[in-house]
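Take a look at this single chain, the form predicted on its own, given in C-alpha cells.
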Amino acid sequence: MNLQYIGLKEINGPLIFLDNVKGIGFDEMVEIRLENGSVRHGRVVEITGDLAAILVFEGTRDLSLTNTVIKFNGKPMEIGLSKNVLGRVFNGIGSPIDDLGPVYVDEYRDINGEPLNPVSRLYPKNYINTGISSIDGLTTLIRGQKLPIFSGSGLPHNDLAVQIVKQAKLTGKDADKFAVIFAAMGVTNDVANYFRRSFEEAGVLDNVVMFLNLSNDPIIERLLTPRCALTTAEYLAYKHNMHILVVMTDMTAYCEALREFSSSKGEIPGRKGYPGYLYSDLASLFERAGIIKNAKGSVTQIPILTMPNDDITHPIPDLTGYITEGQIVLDRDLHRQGVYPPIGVLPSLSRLMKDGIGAGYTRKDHQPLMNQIFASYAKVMDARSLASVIGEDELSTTDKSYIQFGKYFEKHFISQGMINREIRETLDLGWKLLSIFPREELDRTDDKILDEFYNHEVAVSQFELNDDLIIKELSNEEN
C-alpha cells in the first residue's frame, strides 16, 4: 500500500522536508501533487528518525506547505530497458528525447544496480581497440577495466571522447557484440548537439545509447545520469551477453552537483567543500565495471574528468585514481604545440594491460615495445631538462638523438589527428621510431625481438633523416 501525506514541514532550495513519516526507505521515489493538479517527482535522500528529506527533480517553486500531497511509491527509481535502447537518445533520467517515441520495455531495473560478490569477479583480459596509438600501444584499455581520462579546462577531451566512441571496437568472434553507452553530464546545448551530430555523421549512433544531462537541468538529474547509464550497460552485458564500453563525461560536473546537493542538506563538508562520502559515492559508480563468472558480457568504463587548475591532487582526480586501474592524462604543453590527442605518455598508465596484450591478444612484441618506448621517452625528458640548463648545442650526441627522437615521437606517434589506427599499425610505427636509435641504445628489449623488428635503415628513410647530422653521426658510430 502506497503512503500519502498532505502538507510539508519545510522547503529549503530543491529539498522538501516531512515529519511524522513511517515505513519509507532511502532512495524511495515520490510523487508530489501541487494545488493546481500538476505532478512532480522526487527521491528520498535522507531519513532522520521520523523526518524525511526529499529532493524534488523539477524544483520546489510554487509548492505549498499546507496543500501539497506527497505519495511514496514504495520502491527506488527504476529505468525501463530492452535491447531497443540501442540507437536511442535519453535525458539524464532515462526519458527519450529523440522524438522516436517511448521504448518498448522488457523489464525495469533499479538504477543503483545489484551488489556484486567480489568472489564472482573475473580478472579482466583481452583489450578494446580505440584506434588511438598512445592508448592502444602504451595504456591499453582492457575489457572490464575502469580507465579514466584526466583532462583540464580547454583541453580537447570532448573530441577525444567522440573519437573513442566512433573508433572503439573488438576483434575476433565478439566483434558484433560490442556497444557503447555515452553519458554526458552538465554539458551545454551546443556540446550536446556536437556529440549527437558527430555520432550520427559517423554512422555509429545505432550502436550507441546516449544519456544527455544539460547544464540547465536539475542537479538531481545529474546525479542520476551515470547510474541510468551503468544500469543500461549492466542489462545489455549480463542479459544480452554484450561487451559494453561506458564513456562518462564530465565526472567533475557530477561531483560539483554532489557538493551542491550535500550543502543543501547541511552536511559537514570535507576537502574543498566536497562531502566526506565522495570516495564511496564515486566507488559506487566505478566499481560497476568488470567481468563476472558465468556471464559472457562485460562492462568497461572510461570516465572523463577535468582537473580544476590542472591539479592532479585535487580531490576528484585524487580519489578517482585510488579507485580506478590507471589513468590517461592530457598534457597542456602538447596541446599548445598542436599535438592531438595531447596524451602525456609518462604520467599515463594502465595497470591491467600486462595481462591483456601480447601473443594471443595483440602481438608478442607489444610488451617489450611499450617498455622501450617508456624508457626512451623518459630519457627525452631528461635530455630536454639538461638542454634548458646548458643549451642544446652543448649536449652529447646521445642526448641530441633523444631530443630528436622526442620530436618525431610526438609528431608521428602521439599526434595522429582523427586517424583510426589498427593495433598492428601502432606497433609497427613504434618500432620504426625506436629504430632511429643505434641498436645498443635499446636496452629494454631482448635480442630475439630486436632481430625481428629493429631496422635502422628503414627508419632513417621513413622519417627522411638522411641529411640529419645527428643520425649521420650515430650511423658512423655504429659502423
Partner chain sequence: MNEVYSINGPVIKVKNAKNFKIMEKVFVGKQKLLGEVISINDDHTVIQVYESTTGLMRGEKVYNSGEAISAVLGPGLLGNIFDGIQRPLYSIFEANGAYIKPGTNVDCLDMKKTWNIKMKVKTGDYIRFGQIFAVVQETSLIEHRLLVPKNVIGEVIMAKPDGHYSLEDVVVQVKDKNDTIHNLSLYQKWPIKEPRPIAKRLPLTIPLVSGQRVIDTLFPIAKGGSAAVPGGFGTGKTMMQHQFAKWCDADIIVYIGCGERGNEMTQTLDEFTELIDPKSNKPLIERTVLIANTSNMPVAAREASIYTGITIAEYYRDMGYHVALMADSTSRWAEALREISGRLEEMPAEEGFPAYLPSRISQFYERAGYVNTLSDSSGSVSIVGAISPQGADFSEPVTQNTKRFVRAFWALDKELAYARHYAAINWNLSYSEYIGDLSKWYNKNISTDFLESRQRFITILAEENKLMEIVKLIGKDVLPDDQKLVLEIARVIRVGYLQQNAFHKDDTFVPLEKQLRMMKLILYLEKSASNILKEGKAFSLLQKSNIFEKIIKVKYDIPNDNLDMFEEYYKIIDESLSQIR
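This one's a predicted model, so the numbers in the text were calculated from it and none came from an experiment. Numbering follows the first chain given and starts at 1. Just so we're on the same page, rigid core means the largest C-alpha set that superposes within 1.5 Å between forms.
Not pictured, yet referred to below: the form predicted in complex with the partner chain.
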Verify the flagged residues Y279, A283 and D355 against the partner chain in the predicted bound form: is each one within 4.5 Å by a non-hydrogen atom? yes
Only one of these stretches, 46-54, 429-437, 65-73, 414-422, has heavy atoms within 4.5 Å of the partner chain in the predicted bound form; which one is it? 46-54
Would G321 sit within 4.5 Å of the partner chain in the predicted bound form, counting heavy atoms only? yes
Just checking whether L34 would be counted as a contact of the partner chain in the predicted bound form - the rule being heavy atoms within 4.5 angstroms. no
For P124, is any heavy atom within 4.5 Å of the partner chain in the predicted bound form, or not? yes
4.5 Å heavy atom contact, D446 and the partner chain in the predicted bound form: yes
From A192, I97, L116, L86: within 4.5 Å of the partner chain in the predicted bound form by heavy atoms is L116
Looking at V105, A202, A375, L214, which is the one with a non-hydrogen atom within 4.5 Å of the partner chain in the predicted bound form? A375
Heavy atom within 4.5 Å of the partner chain in the predicted bound form: which residues of 135-164 qualify? G144, K146, F150
Is_shifted K411 between the shown form and the other one (CA, 2 Å cut-off, rigid core): no
Does L18 shift between the shown form and the other one by 2 angstroms or more at the C-alpha, the core having been superposed? no
